[in-house]
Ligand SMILES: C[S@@+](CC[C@H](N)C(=O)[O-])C[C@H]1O[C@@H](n2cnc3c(N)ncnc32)[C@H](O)[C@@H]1O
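Just the one chain here, the form predicted alone, laid out as structure tokens.
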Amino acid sequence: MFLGQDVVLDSREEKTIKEAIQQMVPWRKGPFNLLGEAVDAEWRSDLKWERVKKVCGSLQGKVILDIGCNNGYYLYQIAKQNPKYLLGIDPVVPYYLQYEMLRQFCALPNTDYFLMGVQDIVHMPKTFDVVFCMGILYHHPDPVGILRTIFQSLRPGGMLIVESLGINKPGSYCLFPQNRYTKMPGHWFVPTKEALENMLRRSGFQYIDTFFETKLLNEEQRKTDLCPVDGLTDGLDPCDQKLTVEGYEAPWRYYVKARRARIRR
């Protein structure tokens, strides 16, 4: 994704931009090309967006929320479809500052970014036509509570797109790591596909469709110069790539579309 391609910089300004990008590591979402400087992030978010945009339909004229929007990568993708209003929320200040730098060179119309968490949308009942919750659920100790809050924030007929870490096992249950998962802290409930779907059902959602599932590969999550932290390779058992270094099932990713029905069945 190219940002600011119409901006002309002199050599001193180019050097300043390059230094600013380096000073804002780690870059988690990407890739970007900002004013000619490549921003190669940890996650290939472009691959995720290609999967999602095939099923989410037109976003034109919609009121949309992106939960955990990070540096705004998906905000820029969504904005291409001319929504009525677009809100990104994320409580992490360094990600907000990355977004603010990007916005200086490529502002988004009808878009806000607030330093808020998912719990704050309890104050926004029946507000959104579409909610994106990508890479968020498993980082919280109460995923069902989050889904219920999202359900209340959607207008009747509204759509939720969830993308979550998971494990590829039959049955409806969640892995609950003792401490870390793939060497990463902050992983709570890591669900099977069936468990994720059941979380959505018990939160009130209907028309639930797991439209894409894949084993997480190094091509999608990796260590880069602009995100010099342990990547997926470091978190898998070097002798058995089906397991994490902690001995748990290796991660998959599940993509699910669900709706708040217009009339509750």
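In this text, residue numbers run from 1 along the sequence as written. The shown structure was predicted, so the numbers you read here are calculated from the model rather than taken from an experiment.
The same protein also exists as the form predicted in complex with the named molecule; that form is not shown, yet it is the one meant from here on.
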Is there a non-hydrogen atom of residue 103 within 4.5 angstroms of a non-hydrogen atom of the named molecule in the predicted bound form? no
Mark residue 189 yes when one of its heavy atoms lies within 4.5 Å of a heavy atom of the named molecule in the predicted bound form, and no otherwise. no
Is it the case that residue 183, even though its partner is missing from this view, gets within 4.5 Å of the named molecule in the predicted bound form, heavy atoms only? no
Please determine whether residue 68 contacts the named molecule in the predicted bound form, using a 4.5 Å cut-off between heavy atoms. yes
Non-hydrogen atom within 4.5 Å of the named molecule in the predicted bound form for each of 173, 206 and 254: no
Which one, 122-130, 148-156, 68-76, 175-183, holds residues whose non-hydrogen atoms are within 4.5 Å of the named molecule in the predicted bound form? 68-76
With the partner omitted here, the residue among 134, 87, 195, 167 that in the predicted bound form has a heavy atom within 4.5 Å of the named molecule is 134
Could you list the residues in 1-36 that come within 4.5 Å of the named molecule in the predicted bound form, counting only heavy atoms and keeping sequence order? 29
